[in-house]
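A lone chain, given as structure tokens: the form predicted alone.
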């Protein structure tokens, strides 16, 4: 049933003009950033080759584009996730969904998976864009794969947060604004302190993604993203359970 719900959500995204606009806009911005970095690299390639340990294509082009794309997803995912549950409430179909012979866990995981598959399409297209450089040079596959993993985990975290905010309201716009606010807070929370040992750094999305962006796959960073995803999915399930009990 989870995959049935996920397939339905994925079809809904692909028939939504908003999703296509966001997909096209993100692809346009990512392509522009990619080609700009490539042009800059070609302009300074001769100077870089004179260095003892020159940075390669992956460091100069791919990693910065992945970093910028993470910020673009922070802006885009709340717009994609805002309708997941809020529209069910607004259209008053939430009661039909809650009374269906499926568990709240299946509903939440199905909707989350549908959105995640759409986001992974974006991540995959960006990965292919980076891999295309292999035709003209050598790539650091470890760095590329670390960035792919980090961006996929970041997208999944954004989707989980957006789904929870969508469970709280019947107004998609409110869900989008709330989701953006929460994600921005998690992104910048480490900037609220100058103490390098502050526990606030442990909560920062940016801090944990930076390691993947540099090619480092740390179990602490993996655990952070997995726990963040699990926490917001659990909150979504709890919210829908409460709605079902209230009838």
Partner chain sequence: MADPALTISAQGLSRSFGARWAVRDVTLELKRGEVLGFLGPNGAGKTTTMQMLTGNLAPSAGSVSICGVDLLDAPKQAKARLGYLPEVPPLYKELTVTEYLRLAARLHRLPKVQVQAAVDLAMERCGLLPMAKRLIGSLSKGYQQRVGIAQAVVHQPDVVILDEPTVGLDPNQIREIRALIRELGRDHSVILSTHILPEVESVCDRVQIMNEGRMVYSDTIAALKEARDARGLVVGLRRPPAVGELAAIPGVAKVAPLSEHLFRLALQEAPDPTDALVERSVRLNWGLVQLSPAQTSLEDVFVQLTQREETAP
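Note that the structure is predicted; figures quoted are calculated from it, not measured. Positions refer to the first chain, counted from 1.
Although not depicted, the form predicted together with the partner chain is the subject of the following passage.
Query raised in the report: Even though the partner chain is not shown here, does it sit in the model of the complex so that 12, 92 and 100 each have a heavy atom within 4.5 Å?
Result: Yes: each residue has a heavy atom within 4.5 Å of the partner.
**Report entry** Heavy atom within 4.5 Å of the partner chain in the model of the complex - residue from 141, 128, 96, 173
**Finding:** Flagged contact: 96.
Query raised in the report: Picking from 173-181, 69-77, 151-159, 101-109, which part of the chain touches the partner chain in the model of the complex when contact means heavy atoms within 4.5 Å?
Result: In short, 101-109.
Query raised in the report: Using a 4.5 Å cut-off on heavy atoms, which residues of 1-19 contact the partner chain in the model of the complex?
Result: The stretch touches the partner through 1, 4, 5, 8, 11, 12, 15.
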